[in-house]
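Given next, in structure tokens, is a single chain: the form predicted on its own.
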Amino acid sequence: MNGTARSGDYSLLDLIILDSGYIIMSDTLTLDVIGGRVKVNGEHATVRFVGVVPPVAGPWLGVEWDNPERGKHDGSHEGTVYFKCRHPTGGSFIRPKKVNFGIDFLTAVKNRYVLEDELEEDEKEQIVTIGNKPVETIGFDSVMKQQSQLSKLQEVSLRNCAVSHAGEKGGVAEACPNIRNVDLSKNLLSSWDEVIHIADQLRHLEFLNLSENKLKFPSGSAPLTGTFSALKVLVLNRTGITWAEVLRCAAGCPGLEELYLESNEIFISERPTDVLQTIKLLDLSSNQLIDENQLFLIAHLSRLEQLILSDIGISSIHFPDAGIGCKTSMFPSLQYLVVNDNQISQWSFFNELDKLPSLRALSCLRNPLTKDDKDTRTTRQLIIAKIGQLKTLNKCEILPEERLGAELDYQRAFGNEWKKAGGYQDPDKNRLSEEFLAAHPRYQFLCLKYGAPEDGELKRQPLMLKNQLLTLKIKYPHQLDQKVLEKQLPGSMTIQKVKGLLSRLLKVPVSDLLLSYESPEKPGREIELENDLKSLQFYSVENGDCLLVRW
């Protein structure tokens, strides 16, 4: 192994700098390495412990692996806890000489982008005249060529290159002043301070990807003002960043337009004020802690055009400031919404989306309501009919003739319900029930657009809607000794049939039963199911709601 011992950014450690630029550790250790990111045989880990582990002599590093299957224990050895891991097999003890602490940013750039073959040809002894004296040089042209190559770089991809720190102060700014796009994903950066040291030297930086780095934020609550003055796109997927840290970071990005925060267990705890006001795209995918109420905290980002909410577990949304047929003041500029891989199982979700004033494109793949392959076309038609301004659905353009067919079919499919709810050919005689208007808020508009449906045009509802099963809890407020039941009932089942089922189950006459329901989304608000001829779907009973039975 050829290398020389020297001190640099890790001045408190004995380090060995290899010819490749990679840093490994000698056997002299200090606690300063705790929290640092390391690479061992291609696997990434975080240092959690430095010291001796008896009875074996010599120093050890205790590491927590990113991949818990790589480890052997939870940080304990023979009954002594040396460090803690999130996973019972996430930890290992490693000898220091086996650990790679990474390289600086500029070395990684040179390793990746300098053409070594061309440089080697120039590494010959040359004589140049400086003043009146001849001077012998080695590789003079190669240095000039290297500097020329680096100064022209605008896009740099250093993914998985073991970058751990910025390097010598000013070195990056001098060598690579024109870099605009940087991918630093899956490296060994462990601190935002090092990111700032790099970014401060790249005054034209517009795109920065820091995904899969476990970054510790600077202590205190001061924002990173002005750090990323030219930045437009910031990618922080799988970094463990919190919402409070996002807001602090955003203060240093006055012109940020796109922010990617996938898989960070984010909980939106406060409304952005004076930050993120220029954001046009926000990706919150795979943050399972986010719910409907948290989304309201970002609902007034006035320039937000694209919102990606895939795989966050959302099942419902409601805009309380907008009544039936009205537009919400929330998300005023939102044009494209992605809600793939969620728990959407009720049509009321799409009724609410029609309240978004600027929505033009929607992607809602792989949800309970949309993943039944045999009913894909019917599902698509119903979504189109329910969201009037939609131009693209699941990345497929909605042509005028498709919208025409979808809206006419929707009119016919629910025409019988419309008539039973008080619908008339003469619009002046219409006295539609609130329940029907809540379930079908665009129906009256479609009647004005195409004319009210004639009796001969009416048809049965699509089988998918008729056969949709609702999982409901059944409780008995006046009989507390009765066990709470869970039943699956078709959404098309009438209240009369539900009472018949309960009558047989409880041995109570149908005439004595009174039914109502409440939603976990609106606890304490009870809605009576007073019309025996109406369906559960008519009353907007949804999956997970609770039927209340009294007699």
Partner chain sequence: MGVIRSREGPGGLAEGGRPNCTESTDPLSPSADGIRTGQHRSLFHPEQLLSGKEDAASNYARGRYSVGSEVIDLVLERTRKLASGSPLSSKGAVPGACEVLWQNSPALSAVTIATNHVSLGAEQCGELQGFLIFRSFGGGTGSGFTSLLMERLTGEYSKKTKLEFSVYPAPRVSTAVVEPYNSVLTTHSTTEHADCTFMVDNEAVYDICHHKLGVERPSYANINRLMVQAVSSITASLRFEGPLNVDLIEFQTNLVPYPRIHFPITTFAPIVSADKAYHERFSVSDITTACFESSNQLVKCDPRLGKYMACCLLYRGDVVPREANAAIAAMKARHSIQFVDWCPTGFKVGINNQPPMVMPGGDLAKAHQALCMLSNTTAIAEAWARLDHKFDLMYAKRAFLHWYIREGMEEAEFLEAREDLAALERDYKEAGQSV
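The structure displayed is predicted, hence computed values, not measured ones. Positions refer to the first chain, counted from 1.
Only in words, not in the display: the form predicted in complex with the partner chain, which the text now covers.
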- Should the three residues 296, 442 and 496 be counted as contacting the partner chain in the predicted bound form, with contact defined as a heavy atom within 4.5 Å for each? no
- Query: Closest heavy atom of residue 168 to the partner chain in the predicted bound form, within 4.5 Å or not?
  - Reply: no
- Query: Would residue 380 count as touching the partner chain in the predicted bound form under a 4.5 Å heavy atom rule?
  - Reply: yes
- Query: Even though the partner chain is not shown here, does residue 322 get within 4.5 Å of it in the predicted bound form, heavy atoms only?
  - Reply: no
- Flag residue 418 as yes or no: does it have a non-hydrogen atom within 4.5 angstroms of any non-hydrogen atom of the partner chain in the predicted bound form? no
- Message: By the heavy atom within 4.5 Å rule, which residue out of 329, 111, 89, 227 makes contact with the partner chain in the predicted bound form?
- Response: 111
- Which residue among 247, 472, 202, 235 has a heavy atom within 4.5 angstroms of the partner chain in the predicted bound form? 235
- in the predicted bound form, which of 429 to 437, 154 to 162, 67 to 75, 90 to 98 comes within 4.5 Å of the partner chain (heavy atoms)? 154 to 162
- Note on the structure: Looking in the predicted bound form, the residues of 335 to 361 with a heavy atom no more than 4.5 Å from the partner chain, listed in order, are 336, 338, 340
